[in-house]
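The form predicted on its own is given below as one chain in structure tokens.
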Amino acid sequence: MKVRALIAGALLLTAGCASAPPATSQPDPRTVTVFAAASLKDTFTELGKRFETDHPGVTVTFNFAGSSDLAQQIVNGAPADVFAAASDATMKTVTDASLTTAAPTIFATNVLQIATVPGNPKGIAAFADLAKPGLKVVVCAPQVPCGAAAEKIEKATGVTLTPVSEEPDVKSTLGKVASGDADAGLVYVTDVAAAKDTVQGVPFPDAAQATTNYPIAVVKNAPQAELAASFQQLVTGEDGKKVLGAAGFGTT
């Protein structure tokens, strides 16, 4: 009886082992959280998809908004792995709080351009034209990088604008023009390019007096520090430069 019991037990053990599925190595699901300036939405979304392809099991989530708002969120403790700002000043808010793992890297530049409704019916040809009476102009709020750049150009040219609204980010400013709620707006050249035929761009030489730098850094105590560093490398590397350059950004 004891022999039979031992044999039966061995058979059951063998059957159990045979029915167990083979072990497979599956990538751990992880999420990289990137806080990025609104003007980076199209390019970073593309780079995020590429990063996910290169890192199976990893998801990249974005918080796109005005850089000043994002910087304040990070200072207030919002969980982020990477911060890409649209100005040195807004990045400084984070570095002054010692909330980056290393000094930020400049990965792109941008300049303002006048966006008008298609066809430019008001005949806007220069920055000074934005001060004409009766013209509905929208700009970014002064604390937002695109707004700070607009103010810098005003001071350099001596032209004072009287906007009908100051928007929280560059995408909102562009939206006012695209919807016809404004005759013109000051946005980045990359935003005009991305908007295609919904607006018309008017370059102006004075824009060069307020070139915007785009710094990027890994946030201190990032939940996914290693992946965050890899994402930064993608942005600052050759693949990132190609995507950013194709969108109209200057690359370093």
Partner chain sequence: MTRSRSHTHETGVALPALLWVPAGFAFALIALPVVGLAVRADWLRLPELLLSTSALDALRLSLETAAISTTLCILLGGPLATVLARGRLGGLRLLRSVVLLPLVLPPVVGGLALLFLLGRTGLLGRGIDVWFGVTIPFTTAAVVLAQTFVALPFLVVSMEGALRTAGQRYEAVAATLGASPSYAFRRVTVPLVLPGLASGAVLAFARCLGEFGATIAFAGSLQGTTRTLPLLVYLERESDVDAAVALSLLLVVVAVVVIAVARPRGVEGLR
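Just so it is clear, the structure is predicted and the values come from calculations on it, not from any experiment. Residue numbers count along the first chain shown, from 1.
The same protein has a further form, the form predicted together with its partner chain, not shown here; the description that follows concerns it.
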query: Candidate stretches 177 to 185, 108 to 116, 95 to 103, 150 to 158 - the one whose heavy atoms come within 4.5 Å of its partner chain in the predicted complex; finding: 177 to 185
query: Joint contact, T53, D81 and K220 to its partner chain in the predicted complex, by non-hydrogen atom at 4.5 Å; finding: no
query: Listed residue that, although its partner chain is not shown, lies within 4.5 Å of it in the predicted complex (heavy atoms), from A126, A131, V164, V75; finding: V164
query: Heavy atom of D69 within 4.5 Å of its partner chain in the predicted complex; finding: yes
query: Contact label in the predicted complex: M91 to its partner chain, heavy atom within 4.5 Å; finding: no
query: Partner contacts for 113 to 139, taking its partner chain in the predicted complex and a 4.5 Å heavy atom cut-off; finding: K136, V138
